[in-house]
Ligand code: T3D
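Only one chain is shown below, in structure tokens, and it's the form predicted alone.
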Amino acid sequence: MTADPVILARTQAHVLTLTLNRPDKLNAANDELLLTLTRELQAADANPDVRVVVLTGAGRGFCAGQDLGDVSGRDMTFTEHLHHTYNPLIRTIRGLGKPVISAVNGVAAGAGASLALAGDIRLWAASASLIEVFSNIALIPDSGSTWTLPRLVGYHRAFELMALAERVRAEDALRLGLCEHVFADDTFAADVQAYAERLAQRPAHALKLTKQALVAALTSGLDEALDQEAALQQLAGDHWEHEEGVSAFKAKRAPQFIREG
């Protein structure tokens, strides 16, 4: 018998949905899942038919973090493991030239919380939750959480969530800025698809440059950000999307930012 794939991939209306597929373990991550997901994202970046990527989980969990059984007894340091698996994945998400939606359908714990926070847009189901569980086993948050979480909620709240391993439920996640929207459980998949298709209709090249500018600005000063904006604005202005946007504005019609074929 062939084992079920650890990542399910489906493309509809220019939206690629990548589903973590270890539902019996709440999609806890092993090396195969992490490396396969990274490869799928890299392939999506090179695929012109894909305009938006959605990351979600099968079953009732988004990702329960590292599968500890997968690393138990392994002759590999923590540092080596992170450099081999999680760090390339997070760098791929943040550097992807397309919007990445984290569709958090259930619990996101540990490194799964880091993955949930790494998306450009975070959509949560009403029953979803997030927990920085690392301190419960006397480890520090990794896979980008120490970079992402304080930028969302501030240093002090981030430290409290990490130190006490407090579970954040959907209504509080929305209030804290850990997600942009919360959808009902029974319509979650359809709501996420509709949102992603709406995003896919936007100007892909301009959004790629917008993401590039935002990521750079997170670690730059004002002068650098202004220079980066000026350079990227030229690239945007020289692209056919800009011409289409201006033409549509003048004609008082909706712009068509997708060219098939």
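Fair warning: this is a prediction, and the values are worked out from it, not measured in the lab. All residue numbers are counted from 1 along the displayed sequence.
Below: the form predicted in complex with the ligand, not depicted.
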Tell me the stretch among 128-136, 180-188, 145-153, 89-97 that has any heavy atom within 4.5 angstroms of the ligand in the predicted bound form.
-> 128-136
Can you check whether Asp67 is within 4.5 Å of the ligand in the predicted bound form, heavy atom basis?
-> yes
Closest heavy atom of Asp24 to the ligand in the predicted bound form, within 4.5 Å or not?
-> yes
Classify Lys208 as contacting or not contacting the ligand in the predicted bound form by the rule of any non-hydrogen atom within 4.5 angstroms, answering yes or no.
-> no
Give a yes or no for Ala28: in the predicted bound form, does one of its heavy atoms lie within 4.5 Å of a heavy atom belonging to the ligand?
-> yes
Quick one: of Val168, Val107, Met162, Ile101, which gets a non-hydrogen atom within 4.5 angstroms of the ligand in the predicted bound form?
-> Val107
Counting only heavy atoms and a 4.5 Å cut-off, does the ligand in the predicted bound form sit next to every one of Arg74, Phe78 and Leu82?
-> yes
Heavy atoms within 4.5 Å of the ligand in the predicted bound form is the criterion; list the residues of 42-63 that meet it.
-> Arg60
